[in-house]
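Take a look at this single chain, the form predicted alone, given in structure tokens.
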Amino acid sequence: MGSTAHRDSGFGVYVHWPFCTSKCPYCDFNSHVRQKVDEGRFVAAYRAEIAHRARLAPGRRVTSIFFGGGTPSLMQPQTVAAILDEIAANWSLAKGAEITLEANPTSVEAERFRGYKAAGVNRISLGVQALNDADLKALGRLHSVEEAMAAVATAASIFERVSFDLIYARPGQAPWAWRAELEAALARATEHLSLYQLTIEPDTLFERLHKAGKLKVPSQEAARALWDITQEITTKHGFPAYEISNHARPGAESRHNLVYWRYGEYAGVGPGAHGRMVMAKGRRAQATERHPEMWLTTVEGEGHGLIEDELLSEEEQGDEFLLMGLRLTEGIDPDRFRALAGRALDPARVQSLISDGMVERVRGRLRVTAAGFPVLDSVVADLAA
């Protein structure tokens, strides 16, 4: 890159645990239903893959670790501890590093959560998804609203940092209902909320139902109204958006996700994990084998599960930087874009978007406006052209 900007953004480690008790109809994540998992065998593979990444990118200082899935809260605490120990043995761990574990409300047990805390986890992210029992059932979730709120309370009693997710723009969701649901969520939230607009993803049950006319989602205008309500209520409660779908009290932002959005460097380990590692010749895009058992045997045979490891061109880096950075309300540094892409942003395109009220310049940075965020993809495409 010719600079240390990627390191200034932090170095994260993403650990993918791909197993779930059931597959949600809207989910396109790399998740697989298994009744039994040989955790000891998988731990050995995670250790091998972590050691492999450390050989590729030695001397890094880990600022954040994120256990995603799948359902990481199905892991035994000793599995989490073993993986964290291996990360610490191969890289230095920053003091106060953020260590997040995703959990489903159905897998929340106070004793297990205490085990995660003892292992080193200091932040929990709960997949609540809705505060309406009928909608939870339609989303394929196995918990009730009562169970979800009990899980939030349990997590908050053990961890100082707790986040939970909700999905809005659900079929038949009225503005007044989302307003009430969001108010209820903010009454329980401690510092962070992730609020995602439902999208129909390829190769999901929801896509098949949608194509068959059996699932109707809100119109573009109705979804925009729900977006506006989201911004209004979260701001009122002191949870402003810092990223297009994420809201936090100031200072409580997800530091790991900021590594992604600020185009930092991160290692991805586990089935289907992605990474961006900066090496001598430049920034590399990496991905591992998606199928859990195939990943396992590949790591056991070759010492790692990478199936993609490609050097990114300047153009590709510039595109990724825009795609990630413009999601943030803080926006991007145009000088860093120039360093990555080998060219400056087109002044005429920038000025046109400013004139249209889609972006603005603030203290040398370029950021998307409130009017621009609902059409972010178009803004990014225009700037990248």
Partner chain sequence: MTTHAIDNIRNFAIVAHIDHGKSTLADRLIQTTGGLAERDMVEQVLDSMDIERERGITIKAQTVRLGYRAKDGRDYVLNLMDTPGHVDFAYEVSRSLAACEGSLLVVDASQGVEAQTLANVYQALDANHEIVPILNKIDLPAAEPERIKEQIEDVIGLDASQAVPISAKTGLNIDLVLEAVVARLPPPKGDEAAPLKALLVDSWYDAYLGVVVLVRVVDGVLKKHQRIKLMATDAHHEVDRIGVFTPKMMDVGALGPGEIGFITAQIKQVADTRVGDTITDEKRPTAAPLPGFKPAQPVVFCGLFPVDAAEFEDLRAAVGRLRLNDASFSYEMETSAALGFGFRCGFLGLLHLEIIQERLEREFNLDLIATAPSVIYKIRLRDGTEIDLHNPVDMPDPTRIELIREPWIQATILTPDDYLGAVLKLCQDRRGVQIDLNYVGKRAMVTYDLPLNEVVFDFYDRLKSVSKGYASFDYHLTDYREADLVKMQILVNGEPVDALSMLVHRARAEGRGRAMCEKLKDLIPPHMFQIPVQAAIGAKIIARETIRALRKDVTAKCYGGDVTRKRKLLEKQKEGKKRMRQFGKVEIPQAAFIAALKMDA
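Being a predicted model, the structure only gives us computed values, none of them experimental. Numbering follows the first chain given and starts at 1.
Same protein, other form: the form predicted in complex with the partner chain, not shown, and the subject of what follows.
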- Message: Quick one: Y260, E315 and D356 and the partner chain in the model of the complex, is every residue within 4.5 Å by at least one heavy atom?
- Response: yes
- Proximity to the partner chain in the model of the complex, single hit among A45, I332, M324, V62 (heavy atom within 4.5 Å): M324
- Task: Taking 4.5 Å between heavy atoms as the contact cutoff, choose which of A150, A184, A223, I158 touches the partner chain in the model of the complex.
- Result: A223
- Message: Please tell me whether any heavy atom belonging to Y266 falls inside 4.5 Å of a heavy atom of the partner chain, as the geometry stands in the model of the complex.
- Response: yes
- Does the partner chain come within 4.5 Å of any heavy atom of T190 in the model of the complex? no
- Message: in the model of the complex, is there a heavy atom of the partner chain that lies within 4.5 Å of any heavy atom of R123, even though the partner is absent here?
- Response: no
- Query: With a 4.5 Å heavy atom cut-off, would you call T234 a contact of the partner chain in the model of the complex?
  - Reply: no
- Query: So which stretch, 135-143, 193-201, 176-184, 80-88, is the one near the partner chain in the model of the complex (non-hydrogen atoms, 4.5 Å)?
  - Reply: 193-201
- Query: From first to last in sequence, which residues of 347-385 have any non-hydrogen atom within 4.5 angstroms of the partner chain in the model of the complex?
  - Reply: R349, S352, L353, D356, M358, F373, P374, V375, L376, D377, S378, V379, V380, A381, D382, A384, A385
